[in-house]
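The data below hold one chain only, encoded as structure tokens and taken in the form predicted on its own.
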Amino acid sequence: MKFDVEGMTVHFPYAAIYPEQHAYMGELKRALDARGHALLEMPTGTGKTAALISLITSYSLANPARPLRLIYCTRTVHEMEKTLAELRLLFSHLPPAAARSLLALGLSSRKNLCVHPQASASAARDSVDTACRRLTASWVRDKAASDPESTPLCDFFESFDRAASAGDLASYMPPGVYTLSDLRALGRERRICPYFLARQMVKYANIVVYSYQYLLDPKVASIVSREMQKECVVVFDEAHNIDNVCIEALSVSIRKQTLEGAERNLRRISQEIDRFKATDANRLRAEYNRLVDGLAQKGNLPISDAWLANPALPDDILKEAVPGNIRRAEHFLAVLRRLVRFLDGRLETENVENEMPVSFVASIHSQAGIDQKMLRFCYDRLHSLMLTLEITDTDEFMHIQTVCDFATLIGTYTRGFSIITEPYDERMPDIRDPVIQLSCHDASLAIQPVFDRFQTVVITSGTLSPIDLYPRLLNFNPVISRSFTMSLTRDCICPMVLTRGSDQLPVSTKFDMRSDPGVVRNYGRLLLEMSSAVPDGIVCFFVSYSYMDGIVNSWNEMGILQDIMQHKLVFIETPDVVETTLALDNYRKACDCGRGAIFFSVARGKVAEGIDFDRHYGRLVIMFGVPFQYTLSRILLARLEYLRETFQIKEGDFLTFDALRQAAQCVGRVIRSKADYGMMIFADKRYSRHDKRSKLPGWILSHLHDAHLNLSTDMALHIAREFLRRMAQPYDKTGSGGNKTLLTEEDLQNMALDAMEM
């Protein structure tokens, strides 16, 4: 369908549109007109992706003089594929001339795109990268030119290189939408490397879909996203955890194993240097001369040699000459050895130490004789040396890369970081496992370059409440900040707050109550009663793996688990991805065949973040407890202190905000469309407090009636039965009168006429 949004024609791939999608498009257009950033919360299952890509593509078509490019960032490959499928549907509804001029593609790692039979056979991502470099590095190809018999090459990359040299890549990828499977099929059919083809064509694509890391992790972003212009709209979808992604991109952990591996790496590099001195000393001399001119000279590397870029350095520093005392390869190795020895000494500590980068750098200077400037250049100096020594198996050198990454970050940043040394994990004080953690506390350090570089950045998710905290956490000023509610013809969401069991004992996962037998028994009775009344699938979320293990074990000893399994089969998420995937498949089979099933999962786990339990796969979700972070974690305590001092965010406010967004993300898995229905039980007495409850998203709060706020197990069971009986009745899917939940073209035209008359 086609309709107008504030005087602009929008092409939409469906025959009807939700009112909130229409309102969402209006706010998005205002942000694009203002060339500013937007923060938009939209309920799950209301077609966020379709609204975003339709509006931005239509905006670009309506402004040919100022065409916009869309960079759409997702968290997982599964979400990337879903977005590209929506794009394909949209392209089929665009005018033919417009569709023929647009190129949209997904970009992922070599592991997801490689089609070379041997290189792609490895299960680990780093191993696929290494296998690729062994076949495509410039020195390997130079060697193959003189000795083709003994040096294998990648035929797919060779045909890519020939096409790139002839300027003929566009003929391999005509306009259209290319998913990851499309790219692999194209690579096999045309005998060309899909990974490098996609990397090159990103520069010319109108729409690019890729992972957050390609923009937020400086090591990856400066290689992949360097060509992106300011006239880009960046969308971070499902961005409720974006502050954590930013922090992880700039945090590094060093353990004993890291330093032992780094020492092995240094011995190997030393042997390579000796070999080159004997056979090709000119290469080392040429590298020395290049480093005098500055690191920026290495910007013209062949695409197959590009390695992870510097984690922190701004461009002006890259133009400086590398410090004289690390230009020679032997001197640089000596510096790294001293740094590794210094860190090894730090790991011998018996006490917890918390330092700022300035004091840590000062102690490195006084004890190891390495100054801040040398630290700052470590990562790039290592990169340069590995290229000079023609090292392709980079996965074996991860340990020394980690040490250099650590060195460069502490040499570059003076605030927003802590270096925390712990001799053991607090939860297992008997096992010595020392670790030095460079912890970033300021999420804005990673995302600020994105805000500065692109004219519009849209942060959107179904769970951004309270929405006013994100601008403070990420240090930016959105021109549009709005939270939308869900328009429904029937109350298909039924949230409840359960504060006590049938015996009137309060329930909670507070530390002093969680192991109380009465609480454990009441939680078990709740699940047992619900499993007998609710059809199909039930999903349960616990606050941690250890709590889930403990309570399931207790239920087993009490005999509750056996009673539950009389009604439904039970499946459990584990930290192992393969086991969890198998459990999910079997859970779905049990729901499909009518047996019914219960899935035990963990807040902040893989299932809570990316798996949908729509339709009969999730008729009820129970959130056992409030999923607070481990509040004795020293990294968390240091971050809370930084947030309080820098952004005036109180510790309690941040912890509650973080726990409630995780809880909302868990329960939101159960509703994935308006035709769906489901119940949400928040099983903890703390949810009845206004300061906790008010931080849930508006679209959940609007259905949380006062009568559902302080329930016992038997009251919740009565409400659940009534709700399921109501949902079984036929209903009007489109609504009527002023409460329409599906708008056709005609409805939108009438709305526009009414607005003009007013």
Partner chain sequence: MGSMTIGAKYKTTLKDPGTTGVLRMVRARPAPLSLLSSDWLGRFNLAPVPYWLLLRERGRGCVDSSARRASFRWDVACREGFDQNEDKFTFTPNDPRSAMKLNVDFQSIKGHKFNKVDGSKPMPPLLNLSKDSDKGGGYMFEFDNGTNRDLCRDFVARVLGKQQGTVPPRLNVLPENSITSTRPEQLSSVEMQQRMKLLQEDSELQKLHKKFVLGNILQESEFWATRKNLLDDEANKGSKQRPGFKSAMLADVRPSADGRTNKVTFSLTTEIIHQIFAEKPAVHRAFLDFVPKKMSEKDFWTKYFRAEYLVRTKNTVAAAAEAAEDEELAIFLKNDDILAKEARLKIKRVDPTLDMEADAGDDYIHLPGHGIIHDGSKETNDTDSDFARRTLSQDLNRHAAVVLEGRSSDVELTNTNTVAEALAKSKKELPSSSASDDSNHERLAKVARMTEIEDLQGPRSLPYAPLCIKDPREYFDSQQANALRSLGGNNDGRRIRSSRLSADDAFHYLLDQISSIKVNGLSCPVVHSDVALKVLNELNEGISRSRRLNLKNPQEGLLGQIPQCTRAELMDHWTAIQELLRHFWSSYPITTTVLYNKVNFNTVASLSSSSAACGATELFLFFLLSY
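Positions refer to the first chain, counted from 1. Just so we're on the same page, rigid core means the largest C-alpha set that superposes within 1.5 Å between forms. Here the structure is a predicted model, which is why all the values come from computation and not from measurement.
Quick note: we don't show the form predicted together with the partner chain, though the next part is all about it.
Of the candidate stretches 334-342, 665-673, 641-649, 386-394, only 665-673 contains residues with a heavy atom within 4.5 Å of the partner chain in the predicted bound form. Using a 4.5 angstroms heavy atom cutoff to the partner chain in the predicted bound form, none of Leu32, Tyr413 and Lys692 count as contacting. Although the partner is absent here, Val570 lies within 4.5 Å of the partner chain in the predicted bound form, judged by heavy atoms. Contact between Tyr72 and the partner chain in the predicted bound form is not found at the 4.5 Å heavy atom cutoff. In the predicted bound form, at least one heavy atom of Asp425 sits within 4.5 Å of a heavy atom of the partner chain.
Remark: Tyr288 does not count among the residues lining the partner chain in the predicted bound form, judged by a heavy atom distance of 4.5 Å or less. Listed residues Ile635, Ile480, Val534, Ile326 were compared with the partner chain in the predicted bound form; Ile635 is the one with a heavy atom within 4.5 Å. For the options Asp155, Asp516, Glu81, Asp142, the residue carrying a heavy atom within 4.5 angstroms of the partner chain in the predicted bound form is Glu81. Residues Leu107, Ser108, Ser109, Lys111, Asn112, Ala123, Arg125 are the members of 95-127 with a non-hydrogen atom no more than 4.5 angstroms from the partner chain in the predicted bound form. Core-superposed comparison between the shown form and the other one: the CA of Tyr642 stays below a 2 Å shift. The Cα position of Gly596 differs by 2 Å or more between the shown form and the other one after fitting on the rigid core. Comparing the forms between the shown form and the other one on their rigid core, the Cα displacement of Ala664 stays under 2 Å.
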